[in-house]
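Next up is one chain by itself, shown in structure tokens, the form predicted alone.
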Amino acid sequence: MVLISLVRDYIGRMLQDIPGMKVLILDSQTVSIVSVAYSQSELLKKEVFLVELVDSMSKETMSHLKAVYFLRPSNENIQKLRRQLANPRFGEYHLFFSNILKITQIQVLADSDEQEVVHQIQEFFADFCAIDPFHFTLNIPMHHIYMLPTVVDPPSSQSFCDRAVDGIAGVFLALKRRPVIRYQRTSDIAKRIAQETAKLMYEQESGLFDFRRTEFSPLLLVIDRRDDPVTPLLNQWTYQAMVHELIGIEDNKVDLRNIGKVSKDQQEVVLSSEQDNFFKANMYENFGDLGMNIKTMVDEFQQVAKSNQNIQTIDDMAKFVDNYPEYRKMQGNVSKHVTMVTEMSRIVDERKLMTVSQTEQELACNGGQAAAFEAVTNLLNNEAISDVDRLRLVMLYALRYEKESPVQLMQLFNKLASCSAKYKPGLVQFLLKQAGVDRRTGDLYGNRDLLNIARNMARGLKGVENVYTQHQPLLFQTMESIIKGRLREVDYPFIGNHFQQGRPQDVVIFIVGGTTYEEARTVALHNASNSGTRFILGGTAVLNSRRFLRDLEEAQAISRKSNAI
């Protein structure tokens, strides 16, 4: 359990070495980092009786409590700490930071501790949100910034890059490795993040990253979301990805408050492979198999419930009381999964997503421009199809056929504008400007490279097992190229004079612009096959189609404004 166990280990060490009653103080980013790795009940076992945010702390003095701070080492947090140390509320202060502290910051803290309440200051490199064993995110705010040239908003662009570099550095410090670094040549922001990461690891903090060398250096590959704009636009049909697409997952939590009659304790549920065995076993299953597995789980629960109703002796009663916490947990789990699958079935029916998705998959995976144009036109004319689904269909068509059929593409733009009230004029064209064929490096549709053309033909002859899950993200090809040593240096140059010797055993792929759960599934299934190369996927956010479209809209609005100036 790579990433999650690293973060859990840091938090465990932070809390267990400080005996007695504790208050844990976090900032807006470390609260996510801790919440995905540790449950509230686990924190209680470590004698954490209160969790507060550094921004909104009460003024009440609690000198009987020991304060454990876990913060990002930002100047804002240092200033907040400085003010709080001037008038301490707690008996002891134990300060932990999620990344490298500057000497000047340590000096400020030392000068502020006039009452000598600070017992320790340490760096614990958990500066990333480990949502799954091989998948992390940084939840960067103002996420659309990566789509804009630096000159549009230099301060925001710089803070975006700084946060990305800090997060990547945190992962490698936690792994205790220093990588060889490559980046996608066509992306300015990927190049900038790769260069700044290399500068930190090989120049500014080279001593900190000077770990014992292994035979093969790990690889960090920094790529741009816009090289594969198709994956975040598609409907999903495997459990974890589908929940995020149709309902939304944030820091492994799902908000069910807007879904019919849900009991109070089920309004926000945790969806974590670490804490839920049913989810762990089914997170990558397709929707059809998932339905069967949920039915089996419900049947098993009904058997347990039936046996609990049959209480006749004192021994039966004692057994029931002993097993009650487990029974309640099982009941909550069954109810949570049934609620989510029922809601997703309702959305699929309401939005006719099986019909929509079939066309999406055809657009993503198979050629045939005339048939694709007809299918998209028919769906645009279908009043049962929602505005957002119409927009996504036109985007998927445009990405595939922008050069082949400009006249028909124009007809679809006009059709979309006339039948979708919410259509934002020019958004499809903005997507093509951002991620059209001239901007992309990889062979997104498998039609540039002879090997990919042959592979697609073979797949076409064999047929596909499931029409709804036939799409493979571009990341799959990239991973294959890395394993076979075929990742072209002309497309993905190295930084500096650090080159790859042999096949890397550990690879971190960082996607500027965000990852998807479909890509996380690709990585997890590969790692489960024990090929000798272990991949970790990370990014600036976790996308669904809603989030990707919102980033596009926000970037387009700023881009229009800056052009008008």
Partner chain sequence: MSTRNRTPLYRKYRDALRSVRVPVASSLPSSSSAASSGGRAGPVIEMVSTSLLHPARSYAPLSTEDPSNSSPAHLTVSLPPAWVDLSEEISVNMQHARKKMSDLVKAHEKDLMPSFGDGKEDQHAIEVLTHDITYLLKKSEKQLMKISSSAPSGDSNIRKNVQRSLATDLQNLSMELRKKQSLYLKRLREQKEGQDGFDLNMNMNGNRPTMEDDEFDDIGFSEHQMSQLEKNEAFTREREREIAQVVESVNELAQIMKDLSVLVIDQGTIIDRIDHNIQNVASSVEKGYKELHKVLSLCLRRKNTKKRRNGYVCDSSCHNVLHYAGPPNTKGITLLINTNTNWNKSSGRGRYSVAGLFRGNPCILFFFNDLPCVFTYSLYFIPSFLWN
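Residue numbers count along the first chain shown, from 1. In this text, all values refer to a predicted model and were calculated from it rather than measured experimentally.
One more form of this protein exists, namely the form predicted in complex with the partner chain; it is left out here, but the text below deals with it.
From the list 517-525, 504-512, 533-541, 41-49, the contact stretch for the partner chain in the predicted bound form under a 4.5 Å heavy atom rule is 41-49. The candidate spot formed by 10, 101 and 270 lies fully in contact with the partner chain in the predicted bound form, as each residue has a heavy atom within 4.5 Å of it. In the predicted bound form, the partner chain sits within 4.5 Å of a heavy atom of residue 6. Heavy atoms of residue 118 reach within 4.5 Å of the partner chain in the predicted bound form, making it an interface residue. Within 4.5 Å of any heavy atom of the partner chain in the predicted bound form lies no heavy atom of residue 418. The partner chain is not drawn, but in the predicted bound form it has a heavy atom within 4.5 Å of residue 36. For the residues 296, 277, 414, 107, the 4.5 Å heavy atom test against the partner chain in the predicted bound form is passed only by 107.
The listed set 205, 285, 300, 404 contains one residue whose heavy atoms approach the partner chain in the predicted bound form to within 4.5 Å, identified as 205.
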